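Just the one chain here, laid out as structure tokens, in the form predicted alone.
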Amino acid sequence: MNMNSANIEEIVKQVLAEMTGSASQLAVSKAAAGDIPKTAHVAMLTSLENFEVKEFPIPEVGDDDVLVKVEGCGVCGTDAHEFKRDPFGLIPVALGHEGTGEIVKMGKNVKADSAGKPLAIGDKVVTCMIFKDNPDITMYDLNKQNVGGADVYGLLPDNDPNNHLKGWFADYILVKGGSTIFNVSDLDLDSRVLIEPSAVLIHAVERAKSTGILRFNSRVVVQGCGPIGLICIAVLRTMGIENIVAVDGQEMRLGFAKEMGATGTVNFKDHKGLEELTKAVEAQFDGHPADFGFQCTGAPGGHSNIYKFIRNGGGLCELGFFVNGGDATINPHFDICSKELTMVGSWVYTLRDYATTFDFLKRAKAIGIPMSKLITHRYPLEEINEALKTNLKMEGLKIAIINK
């Protein structure tokens, strides 16, 4: 007797419906008819600068859980820090938190995502943070706290012998009940890989807007044109800000800044001393200092310099120091007080920012900002060590693991 996959799927559904226990309540996709393997491959960081692709059993999917087949995951600077130095003391650990994939199995209690959007087998999803029942963080009242102190898939201890599927550098990940999850089926793969870093900049721009200084006609300087700085430019351009000057030391990155929407660029290596560099930035604004600055490098010298680019009464958003990069030297009188500078810090994002990011990516694509170009290198899972080394050598922009 010949049976196609649809026949098999219906038979499996009927059999499960007649069974008892939580497993019988699982929603089943075509994959359950034979496509979901018994084991998953996970890139486990087992020592400094050494991933091993290991094979682990796929755990049972509980009533509140979601099993996702991973399609891709971006490499973050945090992954590079962990790869090189293990600053969080997590080794052995399954890394990867900029991931996305397709739901292949889900528990009976899973009906909707963290924004209330229905979830079903086959939907494309991303995860945000795990908030551990923090009552101050909800989807629609988010300004009480940022995500400091929350957990994230890809930075979780490997302390459960029954579940090693905790990072997106894998071919499957188990999203446990109580996690945040978003249905992003209306975004292409490249856009979904860029959601997490883009949310960092959505949050930063929202913080900047809170100063009341950032407006449509503002002159804005963005210092640092790695992925974060480049996405910052794209967010500003998507908002309608058209007078943006990018500062960096690599011509390749400054070229990308123009593609993201910068109207002028300055290579700091072409100028001797801070005074000359400041004049070069002002020249890009027809002789005026910037109204607002975004400091996107993790270099203390970059923080010290950017004050000089900003006018009296201007604003600054510092977001470059996700980890401790060292102390910066400033003169509080000249840099802050006499200028009456308004400054905000920005660190990661909120759930609200994550949801807003989806619309940003759609709008950026609609107005022709080539966000996909930010993904300059794509590696299969088995070449993850090479991917991290490429990131550390700063040979590209956004590095991604894309599953076959």
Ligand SMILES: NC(=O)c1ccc[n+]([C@@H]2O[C@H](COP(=O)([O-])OP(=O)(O)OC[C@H]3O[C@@H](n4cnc5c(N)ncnc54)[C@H](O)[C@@H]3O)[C@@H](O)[C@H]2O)c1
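Worth saying up front: this structure is predicted, and the values here are computed from it rather than measured. Numbering starts at 1 and follows the sequence shown.
Keep in mind that the form predicted in complex with the ligand is not shown, yet the notes after this line are about it.
Taken together, the three residues I213, T263 and L341 lack any non-hydrogen atom within 4.5 angstroms of the ligand in the predicted complex. When contacts are judged by a 4.5 Å heavy atom cut-off, A299 counts as touching the ligand in the predicted complex. Among residues of the shown chain, Q223 is one whose heavy atoms approach the ligand to within 4.5 Å in the predicted complex. Using a 4.5 angstroms limit between non-hydrogen atoms, D79 is distant from the ligand in the predicted complex.
The closest non-hydrogen atom of C232 lies beyond 4.5 Å of the ligand in the predicted complex. With the partner removed from view, the residue among G154, G314, G101, G320 that has a non-hydrogen atom within 4.5 Å of the ligand in the predicted complex turns out to be G320.
This chain lacks the partner; the member of V348, A364, I36, M44 within 4.5 angstroms of the ligand in the predicted complex by a non-hydrogen atom is V348.
With the ligand left out of view, the stretch that reaches within 4.5 Å of it through heavy atoms in the predicted complex is, among 159 to 167, 112 to 120, 328 to 336, 241 to 249, 241 to 249.
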